[in-house]
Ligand SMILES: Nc1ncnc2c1ncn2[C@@H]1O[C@H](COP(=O)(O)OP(=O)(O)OP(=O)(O)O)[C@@H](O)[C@H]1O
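Only one chain is shown below, in structure tokens, and it's the form predicted alone.
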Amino acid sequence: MLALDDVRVAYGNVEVLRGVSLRVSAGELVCLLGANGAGKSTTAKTISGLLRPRGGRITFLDARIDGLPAHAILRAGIAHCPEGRRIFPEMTVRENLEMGAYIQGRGGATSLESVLERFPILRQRARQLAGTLSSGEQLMLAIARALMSNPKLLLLDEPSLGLSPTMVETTFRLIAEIRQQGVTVLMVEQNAALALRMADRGYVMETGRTVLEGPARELLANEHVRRAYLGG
């Protein structure tokens, strides 16, 4: 479904992605692991069109998308739930969700009802300002807003960041349900143990490159991964 081949990205003269290659097949949940500054979020932003690569190739459903604007990539079927939620705090929960459905046109009402069925807490909070939600509820809103476009591929950037352990478990259960309902997921995550336990495959990034890849079970057993990311 998604392929990155030797993708390079720079901020000014500083190259932050130095030849990233990865694959995501339809129906998979793939995790992208690495320390802060490894290039994980930059990779997600490049896939969704928020950053433009200076080299390499990105294809989605056999069509090139590198260089396309973000709204065109969203329309193609990739939705991005960014690090830090990025909700609109002065808008209501319902208005935030409606913003996620702008490419749907008249179909947005159907998407809204479907999302509210999946996230009953958001139905209860529909008229509440998004900025007054708890951190866990804001994450639910950010994921729900991304789903409003009915994506084929969902990019999740650090979904567990800043959440309590209980909310982290709830969030990962939700992600597993989304995947079971037919949405392919590429997840950037620092909680390597949890991510690898639920993923099909994983990639490990270091200094702007993918340095390890493989089935999640193999990465869980990999000595370098255990020492660097699992505390073992």
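Throughout, we count residues from 1 along the sequence that is shown. It should be emphasised that the depicted structure is a prediction, and the values quoted were computed from it without experimental measurement.
If you look for the form predicted in complex with this ligand, you will not find it shown, but the lines that follow are about it.
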Exercise. So which of 184, 48, 42, 171 reaches within 4.5 angstroms of this ligand in the predicted complex, heavy atom to heavy atom?
Worked result: 42
Exercise. Looking in the predicted complex, any heavy atom of residue 98 within 4.5 Å of this ligand?
Worked result: no
Exercise. Taking 4.5 angstroms as the cut-off for heavy atoms, does residue 164 touch this ligand in the predicted complex?
Worked result: no
Exercise. Heavy atom to heavy atom, is residue 70 within 4.5 Å of this ligand in the predicted complex?
Worked result: no
Exercise. Counting only non-hydrogen atoms and a 4.5 angstroms cut-off, does residue 58 reach this ligand in the predicted complex?
Worked result: no
Exercise. Exactly one stretch in 195 to 203, 33 to 41, 171 to 179, 60 to 68 has heavy atoms within 4.5 Å of this ligand in the predicted complex; which is it?
Worked result: 33 to 41
Exercise. Going by heavy atoms, what in 10 to 29 lies within 4.5 angstroms of this ligand in the predicted complex?
Worked result: 11, 16
